[in-house]
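In the form predicted alone, a lone chain appears below as structure tokens.
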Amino acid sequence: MNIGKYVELFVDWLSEVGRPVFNQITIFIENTVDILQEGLLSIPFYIIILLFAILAFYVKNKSFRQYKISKKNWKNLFGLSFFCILGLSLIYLMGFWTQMIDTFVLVLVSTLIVLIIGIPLGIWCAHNKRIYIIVRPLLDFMQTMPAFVYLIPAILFFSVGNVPGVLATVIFSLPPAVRMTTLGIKEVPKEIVEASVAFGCTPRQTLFKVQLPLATPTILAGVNQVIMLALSMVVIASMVGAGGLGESVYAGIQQADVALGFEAGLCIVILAIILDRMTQALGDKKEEL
């Protein structure tokens, strides 16, 4: 049975019927990416490095807010800030600052789209077993299908450039956001939910004032996974015209340029570590020193 032929016919039909919608999506994402990239590139690099360092200190200090700064914990409080300064400065000195900003914007836009879709869908799945039964195999399909396959319909629907790269990244990164949101809400003790209802909370109040606050660490763990998956798609997305560090890595592969590939890959690693540690720190309620 030639299933692929029917899928191809469906994709071709959808490409024709949905062209007006796809054009609007393309315009919106392109404008958003361009505005963010131009805005960040207009800011001096040392200001952005300083902002990253301050943000890193804030998220770490928020995790350790009940402790005073001492010799015992200064590394935990200031270590990430120092790494941001050193790592981002190295990226600038290697000449990959513009590509790093482009990659950061692509990851940021992809992550925001994933969270806008994934968190409400995860909440719906947590409260409706039938919806979860339907959505779960779709998430399995999205998570296990090779990422390269997503590029084919993305090109047909949105041509080449940043847009198909962003949307392929969204599809690849969506499952963890939905799964972790569903898991976080389901893990809220039933006794707490029943107590909130007994005190007169409406379903909306129970969700926003009880379930979501208690599920926040799990949801933030999902955000962390989304960001890491988005960064892992950087090189793959460059094959359809997405810019950034992935483009340099892909050029290094095509030209067998070890130096170029290593330097661009190192920049991706530095950015991934910074974003990973920040999102982990946001999810930490308390750590032992």
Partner chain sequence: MGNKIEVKNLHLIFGSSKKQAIKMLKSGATKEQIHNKTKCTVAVNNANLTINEGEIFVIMGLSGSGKSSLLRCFNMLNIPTRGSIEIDGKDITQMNKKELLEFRRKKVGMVFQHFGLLPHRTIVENVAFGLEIQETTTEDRLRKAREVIDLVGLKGYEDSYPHQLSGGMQQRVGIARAIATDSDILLMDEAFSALDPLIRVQMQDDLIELQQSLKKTIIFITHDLDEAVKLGSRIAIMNDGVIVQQGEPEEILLHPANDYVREFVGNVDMSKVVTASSIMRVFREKLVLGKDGPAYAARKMSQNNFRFMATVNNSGVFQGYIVERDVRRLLEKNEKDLSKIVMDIPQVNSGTPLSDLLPLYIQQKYPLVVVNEKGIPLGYVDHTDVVSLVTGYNNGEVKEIIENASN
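Numbering follows the first chain given and starts at 1. Keep in mind that this is a model prediction, so the values were computed, not measured.
The following text describes the form predicted together with its partner chain, which does not appear among the structures shown.
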Check all three, Leu14, Asn23 and Thr26, heavy atom within 4.5 Å of its partner chain in the predicted bound form: no
Contacting member of Leu214, Ile134, Val149, Ile85, with respect to its partner chain in the predicted bound form [4.5 Å, heavy atom]: Leu214
One residue of Ile192, Ile117, Ile155, Met142 in contact with its partner chain, assessed in the predicted bound form (non-hydrogen atom, 4.5 angstroms): Ile192
Contact flag, Leu93 vs its partner chain in the predicted bound form, heavy atom cut 4.5 Å: no
Exercise: Thr202 in contact with its partner chain in the predicted bound form, heavy atom 4.5 Å: yes
4.5 Å heavy atom contact, Ser196 to its partner chain in the predicted bound form: yes
Exercise: Val210 in contact with its partner chain in the predicted bound form, heavy atom 4.5 Å: yes
Heavy atom contact within 4.5 Å of its partner chain in the predicted bound form, the stretch among 184-192, 122-130, 105-113, 167-175: 184-192
